[in-house]
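Coming up is one lone chain in structure tokens, specifically the form predicted on its own.
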Amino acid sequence: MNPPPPMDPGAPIVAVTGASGAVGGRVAQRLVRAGVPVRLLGRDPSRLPELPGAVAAPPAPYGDGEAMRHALAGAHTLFLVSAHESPDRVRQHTTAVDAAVAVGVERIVYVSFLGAAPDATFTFARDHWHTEAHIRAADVRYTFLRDSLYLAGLPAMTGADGVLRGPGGDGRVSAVAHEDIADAATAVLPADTESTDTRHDGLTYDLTGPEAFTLAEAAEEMSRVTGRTIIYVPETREEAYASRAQYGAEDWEVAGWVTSYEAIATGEMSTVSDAVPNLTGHPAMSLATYLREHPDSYRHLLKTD
């Protein structure tokens, strides 16, 4: 791999949150390879990746306004990956946004969710809508990347017994790869280094895979790649809550799990967008391709006897 181009020490800084995670980490790597000055943010700096030319900020939990202001001071652009699901996630997001605005960050690129709305079936998608609304009202340029369900989530949602179960009915989901989200974000972010480039300002991009498929079709694809029979078992809402009671999770978290399937059933995750190919110049990854390229994602489904 060729070394990244030298960074201009006077170039505007892109602050990347969640830099130790699946999306933020990939975006940080891509920006560094493009020669963009990057500041890495995370709750635990020891988990941040070591990237040539990137600078790790002090601990910066979203909900700590003072810490966020300190971490973001001098940055031009904030790439804001949504916080882990929690009852106060919107407050964490708005605190981070307010901190960014307070220290002069000029633009926020926020990773939202497909179909974000105040009355979305998927309860966590409501958090994203409220965060978007707060950003829109702030004195800052913005772009929203509304990604669909992760392709990685489909094998992860399937039990070792080979059963994918939930109240998704015959609805379809246009699941997307982490790699495609990162490529799309990287395509949007460099525009921020030129103050006169406003191509992406005020825009919302739906980031999806190339097709929308049912959960039964996803099970069939996983059957092909694993060599065993994977099935989808539709559940009623009551059955879904009962089958997840064993995990001992809090009510708000279980509601998020269950309503993610219900949003598939209602068609709220079926949108197929051309944003990924338009922004990145390459096709969006399909489920079949994802499974072929990520065998670790379904290793728990392989027979061991």
Ligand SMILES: NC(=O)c1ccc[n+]([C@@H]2O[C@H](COP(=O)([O-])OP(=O)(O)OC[C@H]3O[C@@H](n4cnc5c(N)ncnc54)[C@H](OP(=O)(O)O)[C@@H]3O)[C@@H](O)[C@H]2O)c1
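What you are looking at is a predicted structure, and each value in this text was computed from that prediction instead of being measured. Don't overthink the numbering: it's just position in the shown sequence, from 1.
Separately, the form predicted together with the ligand exists; it is not shown, and the next lines address it.
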message: the ligand is absent from this chain, but in the predicted bound form, do Val163, Pro167 and Glu235 each have a non-hydrogen atom within 4.5 Å of it?
response: no
message: If we define contact as a non-hydrogen atom of the residue within 4.5 angstroms of the partner, is Pro61 a contact of the ligand in the predicted bound form?
response: yes
message: Residue-level contact is defined here as any heavy atom of the residue lying within 4.5 Å of the ligand in the predicted bound form; does Ala19 satisfy this criterion?
response: yes
message: Please determine whether Glu66 contacts the ligand in the predicted bound form, using a 4.5 Å cut-off between heavy atoms.
response: no
message: Please determine whether Asp44 contacts the ligand in the predicted bound form, using a 4.5 Å cut-off between heavy atoms.
response: yes
field: Region of this chain that lies against the ligand in the predicted bound form, out of 226-234, 131-139, 89-97, 198-206 [heavy atom, 4.5 Å]
entry: 89-97
- prompt: Considering Leu149, Ala218, Ala120, Ile108, which brings a non-hydrogen atom within 4.5 Å of the ligand in the predicted bound form?
  reply: Leu149
message: I need to confirm a contact call. Of Ala83, Ala177, Ala116, Ala184, which residue comes within 4.5 Å of the ligand in the predicted bound form, counting heavy atoms only?
response: Ala83
